[in-house]
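Shown next as structure tokens: one chain only, the form predicted on its own.
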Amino acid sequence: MTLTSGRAPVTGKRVQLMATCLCDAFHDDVAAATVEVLEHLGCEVAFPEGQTCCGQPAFNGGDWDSSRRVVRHTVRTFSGDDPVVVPSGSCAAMLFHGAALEFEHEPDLGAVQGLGRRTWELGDYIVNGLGVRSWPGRLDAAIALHRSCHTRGTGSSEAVALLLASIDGVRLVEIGEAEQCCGFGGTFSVGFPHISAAMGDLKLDHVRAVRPDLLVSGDTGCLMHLSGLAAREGIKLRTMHFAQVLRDALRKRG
């Protein structure tokens, strides 16, 4: 199943940026890197000030009434016809998949689906929306790409891999069970901390086995979870969102 089927085609380069609550609280540089990357591609980036959250925490926790209130606010905030670009496979999937499920029997389903059709994860937008197939600049690093479970069934992971592999100096190294969940799962890591940590440790075992210079993902929640586990266990692990990798490669152009 392709979760992003039926998406509205990209006809211009004006986009609305959904920075995500994790960028707001912990990873502001990822949002800044996303803007720099999009502007390099000629995009005009708008940032709706009223944005809050995609509604996924309450959705995953089973509180669909609360989640629907957040999603309705998001629909109002990101009005119009411009694509909504999100530097998170998890948040993007919530808007074009999860929200449609919880609004299935609601009168405003059409408005929610309309937002979903305009929503793109960043890598998916660059490659499959704008048609960009390679990235300029240079970065000398062996990179392990964590393909987050929320990007399954979408074009995001392959798009990110394509961009990273095209950068001069980058060597992609495959990790075992590459699509296995890291254990974060948002509220799952709070409700089931021991299971969450065990899943994260298994992921870290696969990462350590290939000894990358960087662990890269399109989801800051995964990176936050894995880097936190690594720090607790005294493991040296450098993590970056792929938007930061693209931005840094641009800055090292000759």
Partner chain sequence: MRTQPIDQVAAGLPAETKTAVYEGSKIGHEKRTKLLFDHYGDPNRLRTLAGEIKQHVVENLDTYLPAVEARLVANGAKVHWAATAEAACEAVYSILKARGAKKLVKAKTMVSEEIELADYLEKRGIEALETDLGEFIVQLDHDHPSHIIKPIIHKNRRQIAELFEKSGLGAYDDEPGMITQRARQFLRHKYLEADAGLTGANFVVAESGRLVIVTNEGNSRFCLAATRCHIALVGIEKILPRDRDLALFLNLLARSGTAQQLTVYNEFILGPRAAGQPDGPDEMHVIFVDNGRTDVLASDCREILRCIRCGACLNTCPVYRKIGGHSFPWVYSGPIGAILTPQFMGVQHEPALPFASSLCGACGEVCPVKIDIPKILLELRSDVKKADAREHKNRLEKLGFRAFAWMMTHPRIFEMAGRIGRSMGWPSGNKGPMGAWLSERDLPPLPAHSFRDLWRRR
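Being a predicted model, the structure only gives us computed values, none of them experimental. Numbering follows the first chain given and starts at 1.
One more form of this protein should be noted, the form predicted together with its partner chain, which is absent from this view; the next part is about it.
- At least one heavy atom of V190 is located within 4.5 Å of its partner chain in the predicted complex.
- In the predicted complex, its partner chain stays beyond 4.5 Å of every heavy atom belonging to L38.
- The closest non-hydrogen atom of V210 lies beyond 4.5 Å of its partner chain in the predicted complex.
- At a distance threshold of 4.5 angstroms between non-hydrogen atoms, C21 is in contact with its partner chain in the predicted complex.
- Stretch-level contact check against its partner chain in the predicted complex with heavy atoms at 4.5 Å: of 128 to 136, 156 to 164, 115 to 123, 100 to 108, the positive one is 100 to 108.
- Taking its partner chain as positioned in the predicted complex, the residues of 213 to 243 that bring a heavy atom within 4.5 Å of it are, in sequence order, M224, H225, G228, L229, A231, R232.
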